[in-house]
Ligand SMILES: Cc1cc2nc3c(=O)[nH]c(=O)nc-3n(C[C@H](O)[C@H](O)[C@H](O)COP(=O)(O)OP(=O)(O)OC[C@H]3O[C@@H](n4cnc5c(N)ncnc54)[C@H](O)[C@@H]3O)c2cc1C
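Just the one chain here, laid out as structure tokens, in the form predicted on its own.
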């Protein structure tokens, strides 16, 4: 006779950004919750993403500032150096603190049963965890994603690293070859260059971070190359082979040497969802061609009562979008609201130095709408705060609908750009015209104080 399944009001699979907070809301509402985690608590952000990488970025920034100390009139006794073991230990400590904090929170949560093991669907509302059977009318899939490893010629014959491996490195590579010129790849490229590695970025397309406007891509490339990073674009014929000095990467670019030899290779060619071993087919849960769980505007899957949250649903690849998935589900299921994913305003940052803060449409996307536009652009060299800090690289740009005066999108590539962008993001979320800035009295000296000036100097797009 089969053992009966243990019944819960809700089952949450995965302890990434959306899961623990949702467990907190559900249990506070009197629901019984089973929380399942097969490995590390905290998901990508805590273990291999935001927290450790931004910790490493901070160490790399400190290294860079030490190298530039003389520019600020600061005299250091001797040549600045990097102790990579201490750099990595600092990141590891922050990972462990975040991981254990979430685990302790869930273990101590009234109404929450934490199960450690691998969850698989055996039916639309039935889960098995290492032999234990569970069932619930509501199931929330929050399993995250991992680095994509494409089938490239020779890749299976050579050692390579992913973002997971990079946060564990306690030595500086002699020559790091980064495959992929987008957000993850560029952050690691710059930080390890500042730690002392020689770095080459290899990108298949014609420019870095091709989803951004061309002026943003060009400026970021100029910033990286000024620090000694080699950038190879139009790498259409990637292949790999073992070499006495590490790995030979065939790039096939139209310019430059056809081969780059590195001691280490980092694959940063995108992400894939952790959905291939969940038994989704047994539940009838649909996925797209890349394995992302198909969800509607309320994050419900093809099976009623089953929801996809976070990176695995393909509706956002950031910690803040995963947390907003939790907010949407909680608002709708517990608060009687009608929140939709389609109402979410896209905003994100690239944490190179200087950082890129982005919200809404790019200029290219706005032009495709055919509406009359106003565009403002200002170099960071004309921002007093940037001048005072001797960090004048980059620019700020805003695109506005000329008829409605609504901001359509903005980019701030410059010191503090990841923070200053929120002034524009908040106005866009409020859906008010940009003219509200005219009566603002911003604080001096800041980067944000130039936003009203940026808007005042806008000109019609030609």
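These numbers come from a predicted model, not from an experiment. Residue numbers count along the first chain shown, from 1.
Just so you know, the form predicted in complex with this ligand exists too; it's not on screen, but the next bit is about it.
Asker: Should residue 188 be counted as a contact of this ligand in the predicted bound form, where contact means heavy atoms within 4.5 Å?
Answerer: Answer yes; at least one heavy atom of residue 188 falls within 4.5 Å of this ligand in the predicted bound form.
Asker: Would you please decide whether residue 181 lies within 4.5 angstroms of this ligand in the predicted bound form, comparing each non-hydrogen atom pair?
Answerer: Flag for residue 181 set to no.
Asker: Residue 144 versus this ligand, in the predicted bound form: is there a non-hydrogen atom within 4.5 Å?
Answerer: Yes, contact at 4.5 Å.
Asker: Report yes if any heavy atom of residue 414 sits within 4.5 Å of a heavy atom of this ligand in the predicted bound form; otherwise report no.
Answerer: Result no; residue 414 lies far from this ligand in the predicted bound form.
Asker: Using a 4.5 Å heavy atom cut-off, which residue among 233, 200, 274, 287 comes into contact with this ligand in the predicted bound form?
Answerer: The residue in contact is 274.
Asker: Please pick, from 406, 422, 38, 31, the one residue with any non-hydrogen atom lying within 4.5 angstroms of this ligand in the predicted bound form.
Answerer: The residue from 406, 422, 38, 31 that makes the contact is 38.
Asker: Just one of 45-53, 424-432, 23-31, 406-414 has heavy atoms within 4.5 Å of this ligand in the predicted bound form; which?
Answerer: Result of the contact check: 45-53.
Asker: Do any residues of 109-123 have a non-hydrogen atom within 4.5 angstroms of this ligand in the predicted bound form? If so, which ones, in sequence order?
Answerer: 117, 118, 119 sit within 4.5 Å of the partner.
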